[in-house]
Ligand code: PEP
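Form predicted alone, single chain, as C-alpha cells, below.
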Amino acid sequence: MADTKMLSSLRQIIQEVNTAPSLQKALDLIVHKVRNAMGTEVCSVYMLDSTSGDYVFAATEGLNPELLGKVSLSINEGLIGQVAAREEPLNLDRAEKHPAYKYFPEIGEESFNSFLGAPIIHQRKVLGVLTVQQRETRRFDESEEAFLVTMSAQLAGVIAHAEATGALEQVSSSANPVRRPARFKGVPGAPGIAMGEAIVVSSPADLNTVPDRVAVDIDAELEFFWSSLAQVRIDIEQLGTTLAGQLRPEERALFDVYLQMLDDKALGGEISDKIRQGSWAQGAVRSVILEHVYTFERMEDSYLRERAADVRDLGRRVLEYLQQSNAGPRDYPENSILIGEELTASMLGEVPTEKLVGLVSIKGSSNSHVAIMARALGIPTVMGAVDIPLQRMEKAALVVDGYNGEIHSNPSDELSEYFANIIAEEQQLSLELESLRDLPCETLDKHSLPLHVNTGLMSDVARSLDRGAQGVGLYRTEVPFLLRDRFPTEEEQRQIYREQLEAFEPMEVTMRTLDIGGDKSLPYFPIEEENPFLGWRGIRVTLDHPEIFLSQVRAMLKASEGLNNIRIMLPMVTHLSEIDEAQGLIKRAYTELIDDGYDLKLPPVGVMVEVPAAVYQARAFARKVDFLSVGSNDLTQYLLAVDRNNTRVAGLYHSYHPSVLQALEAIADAANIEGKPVTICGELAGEPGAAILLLAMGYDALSMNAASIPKVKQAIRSVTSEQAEEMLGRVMQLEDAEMVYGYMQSKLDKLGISQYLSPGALIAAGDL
C-alpha cells in the first residue's frame, strides 16, 4: 500500500470509528473499513473478555457471523492467543502449519491460508487482536503489516473508550435487567471516598452529554418536544427570510430541506416514536440525531457526508429549546454524585450541600476551579475521567475514589462493602483525631513541626482552624481570579486578602502571587500554547505584565496594614534575575504606599522551588530571599517528566521516587546552610509517611489541605527525631518508589499508625 493511501485510510477510519455509537458498531466498522483498505478477503476482531480472560470472536467480514460471541481462545491458545501473549504481530503464509493453529468447525477460515494478526494494546493492556486473512498462500508484505500494526495502535484508545461505554450495557437475560459493574480511570481531584447515585448534568445544547432518562410523563414530553420543534421551525423560516436576498435559489432551498427534515414523517416522527417508547425528550433527540449523524458520516459521497453537520445543527437547536422547557427545580437524591462533561461552580451551587457527596468531571484537572472548590468543601472528586459514557450514567450506583482517581459504576456487593468500610474507618478516624486539634505538632522528643494549610477560598478558613492549622503555607491568589469573568480590581483583591489575613491573625499567611498558565487559564485571559507547562506561566506572566503584578502586590500590602502577618511568595522561578525584578517591583509598590500614608512593614519575600533549575540553585536563591517553599506537585512532575493530570501517564507520577526525595533533601540542606527557613506545600506534605521523612530532612513547616492535618499530626507525634532520621537514612538507600512506599508502610505498621495512610493506597480496589 502506498504511504499516502495508507495515511488517508487511517485518518478516515479513525474519524469514522470515533463517531460510532457503541462498541459493536465500532468493531463492525473497523472490520469493514480495514478489509476494504487492505483489499483482503477477511478481517476480524477478537476482544478480551475481562471476566473470563479469553479472547472472544467479536466482529468479522469474511467469516461466519453466526459464530460471533461463541468462539473464544485463552491467552497462548491458537494464533489469536499467540498474538495476545507475545504482544507483537504474527505474519504467516500457511496459517494451518503453525503449531499453535486451532481449527474451529463452521467458522469458515480453513480455506484461508495467509494470516496476519496485530495486538490492540491500550495502556499496556491487550484489549484484543485485529486480523486479516487471504486464500492466496503468501506472507503479507512489510507495508501491509505496518498498516495493520499502525491501525491497531491508533484504534486502541478509541476501542478502549467504546469498550468502557459498552461495559454499561444492560444485561437483559432476566426479567429484571441489571447494569454491569465497570471501572473508569481519571485523576484525583479531591481526596476521600463517596458512594451514591449518579446525577448527570449536561452542557447547554450539547447532544453528546445528554443522559438516558425515563420519561415521567410521556404526553408531557411529547408536548415539550413538539412545541420546541415548532420554535425551531420558526427560527429557520425567519433565518431563510433574512438571508433570502443574499443567497442563490439553490442555497435558499437548503432551508426548505431543513424544514422537511423536522417533519413528523422524518426526524420529528422518529423522535416522537422514541418518546412513546419511554424516553424523555432530550434523550430521544440525542439518540435519533446522533444515529443519523453516524449514518451520514459513513457515506462515501462527500456531499452526503457534509449533511451530518446539518443534522447535528438541527438537533442542537431542538435540544436548546427542550432544555429551556425542562428548566426548573430538580429533585436530588440524598447521596448525589454530580457527573458532567465539564463541571462548573454554578452546577455545584444548584445541589443542596447536604445531598452532594461526590463529583466526577470528564474534563479538567486537579487544578480546575471545581477541584479546588471540592477540596475546600471536602467532597471526594475525580477529574479527567475521559472514558465515562455520560449518556448511560444517570441514576447509576457509583463509588468515587478520590484517592486513586477511580470511579466504580454499579459495584459488586463485595466492592461496595469494601468502600463502605473505608468510609466508616475515615469517620471513626476523624472522631479520634478531633482530640488532637489543640495539641502541638511535635515529636515524642519535643521537636516541633508546624502544620500549615493550603487555601484559596474563605470557605476553607473555618475547616482549617477546626483541624488545628497553625497558619497558611500557600494561599492561592489565582482562585479569586478564576472565579470571575474579568480581572478583580485592586480594591476587590484587598478585601479578599484582608479577610484571609484577619481570619488567621496573628498566624502567618503566605500568599503566592498570581500563578496562571499550565493548566490554569483565566477565561478572560486565555493562554494557548503547544506546551503550556513549559511555557508562559507563573512569574513569567506577571513580570511580562507588571501592571497586574503591581496591582496585586499593592492589594496584599494594603490588606496587611495593622496585621503584618503576610509573606509573599513567587511561583515558577527559574532565574536569579526574576527574583531581582520581582523584588524591585515589590519594593516600588511598598515605597509608593508609604508615600501615600500607609503604615506598613515590608513583608518577607520567598520563592517556590518547583523546577529542577531551582533545585540546583537553591543556595543562590536562598541568599536572595527570606525563605524557600517547595511546590512538591510541580517539582515531582517536572523531575519525572510526568503530567499528573494526564491519565495515560499519571501512574508514573510517584512522589516517593528516589530522585524526588534526593531533590527534596538537597533543597532543605541548601536552605539550612544559608540559615533560611524552608517549607513545603503540596500533596506530599499531607502524606503521614512523607511528613516523617520531611521532618528528618530539616523542613521547618509543612503545608497541606485541611483534611490531612490531623493525620499528619498524629504521625509526627508518634515518632522521635531519631526514629525519623533512621527511616530517612534507610529510604535514601532504596532505588525505586515502590520499595520506599513499602518500607514506610511497614514502619508505620510497627508504630501503629498505618491507618493514617490514604486508604486507597493500602489495597487497590481493582484487585477485589
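Only a predicted model underlies this, so the values are computations on that prediction, with no experimental measurement involved. The numbering used is simple: start at 1 and walk along the sequence shown.
If you look for the form predicted together with the ligand, you will not find it shown, but the lines that follow are about it.
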Candidate site Asp515, Arg537 and Gly631: all three near the ligand in the predicted bound form by heavy atom within 4.5 Å: yes
Residue among Val210, Ile667, Met383, Leu474 with a heavy atom within 4.5 Å of the ligand in the predicted bound form: Leu474
In the predicted bound form, the one of Val400, Leu694, Val132, Cys681 near the ligand [non-hydrogen atom within 4.5 angstroms]: Cys681
In the predicted bound form, Glu610 touching the ligand (heavy atom, 4.5 Å): yes
Contact flag, Arg644 vs the ligand in the predicted bound form, heavy atom cut 4.5 Å: yes
Among 552-560, 632-640, 437-445, 356-364, the region lying within 4.5 Å of the ligand in the predicted bound form by heavy atom distance: 632-640
